[in-house]
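Presented as structure tokens, the chain that follows is alone, the form predicted alone.
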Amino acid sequence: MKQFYDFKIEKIKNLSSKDKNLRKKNLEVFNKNGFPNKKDEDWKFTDLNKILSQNFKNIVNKDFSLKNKKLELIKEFEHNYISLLNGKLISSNFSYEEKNKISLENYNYNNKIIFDKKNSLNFLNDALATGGFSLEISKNYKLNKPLVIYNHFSNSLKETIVNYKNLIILNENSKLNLINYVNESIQENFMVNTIENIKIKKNSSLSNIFINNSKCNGYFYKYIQSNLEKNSNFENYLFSSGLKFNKIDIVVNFNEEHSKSSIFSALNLNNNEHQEIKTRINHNSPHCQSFQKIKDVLSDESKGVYQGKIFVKNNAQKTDAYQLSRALILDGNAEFDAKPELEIYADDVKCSHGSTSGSIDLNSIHYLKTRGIPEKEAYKMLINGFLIETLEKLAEGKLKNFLIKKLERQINGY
């Protein structure tokens, strides 16, 4: 098979000879392995190599210009923001905050961090990544308003890959509500490969929300590695319907006692969209709690995948871990694959996992129709009720109302 990608380190500007050589070594490893396929256990339901080869003639990397793109701010709630264009930091605004409590810089690629070295996309990112940011919240500071990261992409990305890294640090007793927002309707095929390193220190809390606002012919992969200290909390909400391809790979490391993590996902997929959520929750310390609830609604020839592993170390007594995936399949050509796993080496734990999939309840449809509700609206009501449950734990307010409306918009069509 003809190789459908052509990546060159020489296209990256301002590299030292040492950095250039290191990047070349990472690229050599990637070229040896290529894009992941089903032979890789972590990709057993998703042959990314085949998907990309069928949709790209020749993927390349290039140096991106920093021409500003018009920024359309969310109007439904007050917020701070960071604006990225093709992964590069363009602008920011923290007018609601004490600015000396927040540090924002371009990502420093001199800081070498080891990620999953079995993952060929991580090698590719290490080889080609430019841009990205480092965000640090000071000790004892809780942001007054949410922070929205506006992810913008150029209209000239056809057959191009964007690679970048982000670092987020919450120091002791700090708090941040973070919204990763994609608001693009680009029809050209392009790929985005992101690594995000998150450090949540003692008594701190991060709520991380991912949502996109329109349909986009982009192929997205994001690897999130998080490390939690004592009494910290990490919440994830994933609403990524509308992207052509999207895989979010989340690793949570409970490194100290009494920490919590939760992952909620609500996806409404159609039109050959392919979305995957893969999680690995490492309970390395006792008295920690993890909770996962994944919900997919699939129609047309869409495909949803969930792979979730809970690992409990031998000293992680009193672990409380819960995992559930559910899918509503509305079309015979749609597909949902799930692989829940438990690997437990401690004996005083409470761990459970489960997965169900099936069609919509026709008796409920009939009941609503007898009350004068048209069939199409009845389907939408049941789908909405199925997905909206993932938002129950969010505090009431303008942000929650915004997310509810976005879910309803996905259900009702773009």
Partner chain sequence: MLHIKNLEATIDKKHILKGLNLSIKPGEVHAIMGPNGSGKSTLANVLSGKTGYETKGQIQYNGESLNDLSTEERAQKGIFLAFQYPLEIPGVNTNIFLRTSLNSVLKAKGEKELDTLTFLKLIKEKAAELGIDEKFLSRQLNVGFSGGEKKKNEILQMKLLQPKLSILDETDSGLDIDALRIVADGVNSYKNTENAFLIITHYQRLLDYIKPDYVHVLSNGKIVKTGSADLGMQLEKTGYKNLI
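Keep in mind the model is a prediction, meaning the values are calculated, not measured. Positions refer to the first chain, counted from 1.
Below: the form predicted together with its partner chain, not depicted.
- Contact with its partner chain in the predicted bound form, judged as any non-hydrogen atom within 4.5 angstroms, is confined among 30 to 38, 377 to 385, 341 to 349, 45 to 53 to 377 to 385.
- A heavy atom within 4.5 Å of its partner chain in the predicted bound form is found for exactly one of S364, T356, S65, N58: S364.
- Interface residue remark: R371 is counted as part of the site for its partner chain in the predicted bound form, having a heavy atom within 4.5 Å.
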